[in-house]
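As structure tokens, one chain now follows by itself in the form predicted on its own.
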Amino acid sequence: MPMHGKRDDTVVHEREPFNAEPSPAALDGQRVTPTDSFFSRNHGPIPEIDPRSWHLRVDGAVDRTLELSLDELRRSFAARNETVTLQCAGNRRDGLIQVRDIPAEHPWGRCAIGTARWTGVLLADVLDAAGVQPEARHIAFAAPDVSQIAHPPQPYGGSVPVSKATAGEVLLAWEMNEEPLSPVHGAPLRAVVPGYIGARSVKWLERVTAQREPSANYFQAVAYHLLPATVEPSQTGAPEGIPLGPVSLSCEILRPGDGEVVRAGRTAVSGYAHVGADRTVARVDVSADSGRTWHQADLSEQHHPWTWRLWQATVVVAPGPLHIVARAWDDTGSTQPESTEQIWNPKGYMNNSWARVRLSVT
């Protein structure tokens, strides 16, 4: 059975540490993802933290080291609400696994992504109070959850550039969807880094450090690197590769489901599209003939700058096997690569190839 208050149809990839994603039906048509349908990516056991004794330490290359309780954060800084989409770097990994096996990695489907309303304070305001010194180039996050995945085992951590941390969009959040954060989603405080892979939105946050170099934590310095396809999966500890930050442009089909049987005639197709950095989704195309011809989908309005865009289209289908594909375009005119073969990598990160479902039409 699913855990941590998740829906009964949640797909659980691992119970300890808890890693799970919702079903496509739970995400379809939901501009804001209910908390019981929000994916959960963890690298170690969920820590037990008493919010009454918890403090956030802000240190490093700052003029003033801060020690802030949750009440002090609330009293000292203006609260902000931001609607933000978070996406796991391994979202849609199952498509890459079909090209070549990726050992020891969870076969995430299309739903390791979600959009929530987050409440907290701006990281920029907290850093301003501490006085970030000119030599600082990165802001590191540290958490207490010890991961056995790391070599050697260590607490989870990561970092973002100072330019991102002070841009006025990164939150230190204590609420999710108007409710206090639950332990599985990072209570009492977590970072929410819009436009970046979910790995940088560190949960159970206990320390923020201004420093010259990126975090030396395993999950910043070694894991979450886009490795060349020539590297063997067993050698993924090698530090070569591209460190992941902003989310790549991608889209996915949530309805109908892969392998579904549908009736001939008009068939509704729907899904999501998302991109990171400071880009926006500009268009989604859908094809019912494997990409030979395309039709433009209807996009939802983007009321918030850091969220996905939902889309829907109607295609007319005839009896027989059917292959529907979808692709997104962003406001720079960039689009997605066609095939998973072109982007396979040994850790299965950033599968942003065309979305695909195969159906039977009766």
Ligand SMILES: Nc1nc2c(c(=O)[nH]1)N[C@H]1C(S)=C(S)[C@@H](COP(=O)(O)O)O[C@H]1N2
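It should be emphasised that the depicted structure is a prediction, and the values quoted were computed from it without experimental measurement. Residues carry their position along the shown sequence, with the first being 1.
Just so it is clear, the following notes concern the form predicted in complex with the named molecule, a form of the same protein that is not shown.
Per-stretch contact check against the named molecule in the model of the complex, the hit in 254-262, 241-249, 121-129, 202-210 (non-hydrogen atom, 4.5 angstroms): Going through the listed ranges, the match is 202-210.
Hey, in the model of the complex, is residue 39 touching the named molecule, heavy atoms inside 4.5 Å? Flag for residue 39 set to yes.
Quick one: does residue 169 come within 4.5 Å of the named molecule in the model of the complex, counting heavy atoms only? No, residue 169 is distant from the partner.
Does residue 281 reach the named molecule in the model of the complex if we count a contact as any heavy atom within 4.5 Å? Close contact is absent here: in the model of the complex, residue 281 is far from the named molecule, nothing within 4.5 Å, heavy atoms only.
Please determine whether residue 285 contacts the named molecule in the model of the complex, using a 4.5 Å cut-off between heavy atoms. Close contact is absent here: in the model of the complex, residue 285 is far from the named molecule, nothing within 4.5 Å, heavy atoms only.
Only one of 184, 116, 73, 223 has a non-hydrogen atom within 4.5 angstroms of the named molecule in the model of the complex; which is it? Filtering the options by heavy-atom distance leaves 184.
Of 105, 82, 94, 145, which one comes within 4.5 Å of the named molecule in the model of the complex, counting heavy atoms only? Answer to the contact question: 145.
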